[in-house]
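In structure tokens, one chain follows: the form predicted on its own.
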């Protein structure tokens, strides 16, 4: 495998797409805008929308975006706009996405797809009815490790993956900005914020099996403790309404099982963001980034081997890669690189885990829409 090349134009004769931004906060500025600007021959951002007009204008001036509004419907009325990025808080993913799809626009929606499975189902229905692309912004599968492992697994080297342990654990990592501690606007804590990334990454490598039930437990003890240190600055402990840690046991229709662990605060040695895959031919421990992020454990001729790949594809920014994949799919009339149905799976699992924490029972998962 060679390195992934820089910006390219996939179709010399393809239409140059016009893009609108619904939300111009940190994720738009740090991830979506650089992604679109990395392929200027293929797309251009023509609208910036934010409920804070000053933020929208500042971003538009900085990036040469010609149109600014505080009402996203202005973007949807523009017949020249081909696609939008929805980068609002979780509570405001659903309606702009559905409205955009109904207006004939393709949508790249930030993760998680929705606050819950019911919202996600409505968004998936809108995508199906409109025939437009709905892509969930889950960038880790576009990383070098994601590309390497997906090909390694597709080539049969892991055999059947029957169990995985997915971990997104922070020792003291509560976001002290935005609405990350507000359940009403966020939908949940680490489970829905960072657990979504490692679970998607794990299920992507497993071929996205269908979940059938889940049991779990959440805690909010450390997050509300005013005496505890937080690496990312102080926050109002009285307004902390999400969990600080969640664990889950997820069953799939093919017999596979995934154990998921996620925390903003936990008394552990260091931050952990990895998945461990157990296959019939090999196992693997995979981190998305860092030195030697992949370790493969296998056996050849009765010899046990620990393998460290040395030619993992180079991807400078998985965020940029996901945006490029979105544009490419639109231009080439291809399926969504991260379909809304994947986002629905994640939301449905989280719903079951949150409910299970309350009932103490294994909860069924229904994703029909």
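Everything numeric here is computed off the predicted structure, so don't read it as measured data. Positions refer to the first chain, counted from 1.
A second form of this protein, the form predicted in complex with a small molecule, is not displayed here; the remarks below concern that form.
Figure note: of the listed segments 226 to 234, 115 to 123, 201 to 209, 88 to 96, the one touching the small molecule in the predicted complex, with heavy atoms no more than 4.5 Å away, is 88 to 96. Proximity of 217, 248 and 284 to the small molecule in the predicted complex is absent: no residue of the three has a non-hydrogen atom within 4.5 angstroms.
Shown without its partner, this chain lists 147, 111, 274, 132 as candidates; in the predicted complex, only 111 has a non-hydrogen atom within 4.5 angstroms of the small molecule.
In the predicted complex, at least one heavy atom of residue 51 sits within 4.5 Å of a heavy atom of the small molecule.
When contacts are judged by a 4.5 Å heavy atom cut-off, residue 27 counts as touching the small molecule in the predicted complex. Contact between residue 336 and the small molecule in the predicted complex is not found at the 4.5 Å heavy atom cutoff.
Residue contact check for residue 139: one or more of its heavy atoms lie within 4.5 Å of the small molecule in the predicted complex.
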